[in-house]
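In structure tokens, the next block holds one chain alone, the form predicted alone.
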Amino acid sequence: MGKIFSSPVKNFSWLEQAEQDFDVIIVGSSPSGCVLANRLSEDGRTKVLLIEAGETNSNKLWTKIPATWSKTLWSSYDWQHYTAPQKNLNNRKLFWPRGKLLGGSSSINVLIYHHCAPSDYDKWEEMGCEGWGYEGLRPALLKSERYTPHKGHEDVNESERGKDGPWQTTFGDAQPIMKNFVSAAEEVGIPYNPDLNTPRGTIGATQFSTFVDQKGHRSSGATAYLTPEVLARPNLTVVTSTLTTKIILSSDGKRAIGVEVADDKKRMGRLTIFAKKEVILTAGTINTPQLLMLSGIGPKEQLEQHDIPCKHDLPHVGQNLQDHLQVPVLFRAKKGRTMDWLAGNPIMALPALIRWLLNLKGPMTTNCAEVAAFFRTDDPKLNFEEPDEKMPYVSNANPGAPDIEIMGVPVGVVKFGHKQAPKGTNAITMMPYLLQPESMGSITLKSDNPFEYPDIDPNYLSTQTDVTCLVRGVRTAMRIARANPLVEDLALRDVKDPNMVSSEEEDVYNLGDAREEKLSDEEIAKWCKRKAETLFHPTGTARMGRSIEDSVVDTKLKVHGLEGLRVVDASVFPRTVSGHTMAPVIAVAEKAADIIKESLNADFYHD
């Protein structure tokens, strides 16, 4: 009994035995949940409960080491979702990892720090989200960050980066072959950009900033915002292994007054916990709409299909799903030029691990996805042929923003690192992906059982614009591989038809071995449909907007038509961003915290 009550992080058993008295209940310790738990409890008087279905992050070694992020996938701290069969991807079901522990996906992802394009946020404001343009969000981006300069990146303007926030960022030591990637990208027409995180935008080739602290450890939403000092606050309670199964509404159905929870490990027991002020959903793009619908808040027709009484008809719950689709293209490399030894040779990797354990940093501090090239596929300098002169290609990108990113990785990536590249080979991987897809999908219920995962249908490549854009991204990756100086590091071959595969090695390398100029768009598209995967960036399923007619929440992130209920996670994005979603979602949470604190303060003074 004493152990249950003495730990700074509680579990379901604690809830069964403790007195329950909370002002605010936050559902989900996603990065945004961690931000809100910290910011809303810092006044010392607001009693905050943060509920997490997964485990604590404190004893998970692979989540701490930047280079071992792929070992967290398919683990107990990954929700391990899969999509519905994708008709435009040969009916494949795609694996969707999501973090199931404190910090959510910020504890298992690829550690890329990226503001994305200023016009992404200006588009939000154009769509009716007043105050959520770039100038409205930039202060939150800076507030969250603590940037540490790095030798070799003296061309980064420190005044344009945050310096006092809790979330630590820096640059790592890029591999020589990845520096050659950046130079090769310049050779094919993509300019060098020293820093992707400025008002000047994100087009260009460069090395990524990463959220790694000065010890070489991952700086996640949990490690940044739920420090031991924060967890020790008497007015903050954090509970793990507890699944929220329902939002409790008042008898008149107009206000959220609490939540129903269950023991996630035992999958049993039901407790009701009440919130005096607000319930805030930070459960993510999949779990947030699922929880809303399980609570009778969502599309009436869908709820009735599962015998769930509709308490608040909200048609856009679970709709407007967008995700970034990528195609890993592996290129054979000369021996000694890559980091394949780190992933495929435990004996060689052991000294690097020991060095990291001794706080001496080293190779284990790489996030592997070290560099990238951002560009527009309608850029005339890239000289793409029009697929149909009668219907010219029109990019879906925002003004001045890219529509493709190509990530460069100094290892051969097969199944997110879960499988090794063919024995005896060395490789780099380029991952072109769609930054502004036209395709939209949905999250829908399979049943009224909160323990059953919902149906995830991203509806990938449902428009010709998306197909053309992705094919042009792949073409550009293939051009970069054969440009100087990168081509000198590679061991490329000359395959005529990449889709004629007779071995595992050919299945991995054929496209990288082919010559881009000899392939038709149809041949590349065929490869894409066999090989495309998610890049872990789902957004939009409880999006922000003007009214119930086009969205789920308003510009204060309050659910339309209900009091005491907000959503603060990537599901509120009105439209996806042109890059990596972690910095944007933490900025949204920082801005939301200020909005919510103003409301709570008004309530306290009123009380």
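These numbers come from a predicted model, not from an experiment. The first residue of the sequence shown is number 1, and the count goes up from there.
One more form of this protein, predicted in complex with a small molecule, exists but is not displayed; see below.
Proximity of Trp79, Leu243 and Ala283 to the small molecule in the predicted bound form is complete: all three residues have a non-hydrogen atom within 4.5 angstroms.
Between the options Gly564, Pro66, Gly28, Pro574, the residue in contact with the small molecule in the predicted bound form by a heavy atom within 4.5 angstroms is Gly28.
With the partner omitted here, the residue from Gly298, Gly408, Gly473, Gly99 that has a non-hydrogen atom within 4.5 angstroms of the small molecule in the predicted bound form is Gly99. For the chain shown alone, Phe211 is a contact residue for the small molecule in the predicted bound form, at least one non-hydrogen atom being within 4.5 angstroms. Although the partner is absent here, Val110 is a contact residue: one of its heavy atoms lies within 4.5 angstroms of the small molecule in the predicted bound form. Interface residue remark: Leu73 is counted as part of the site for the small molecule in the predicted bound form, having a heavy atom within 4.5 Å. Among residues of the shown chain, Val588 is not one whose heavy atoms approach the small molecule to within 4.5 Å in the predicted bound form. In short, of 121-129, 227-235, 285-293, 309-317 it is 285-293 that has heavy atoms within 4.5 Å of the small molecule in the predicted bound form.
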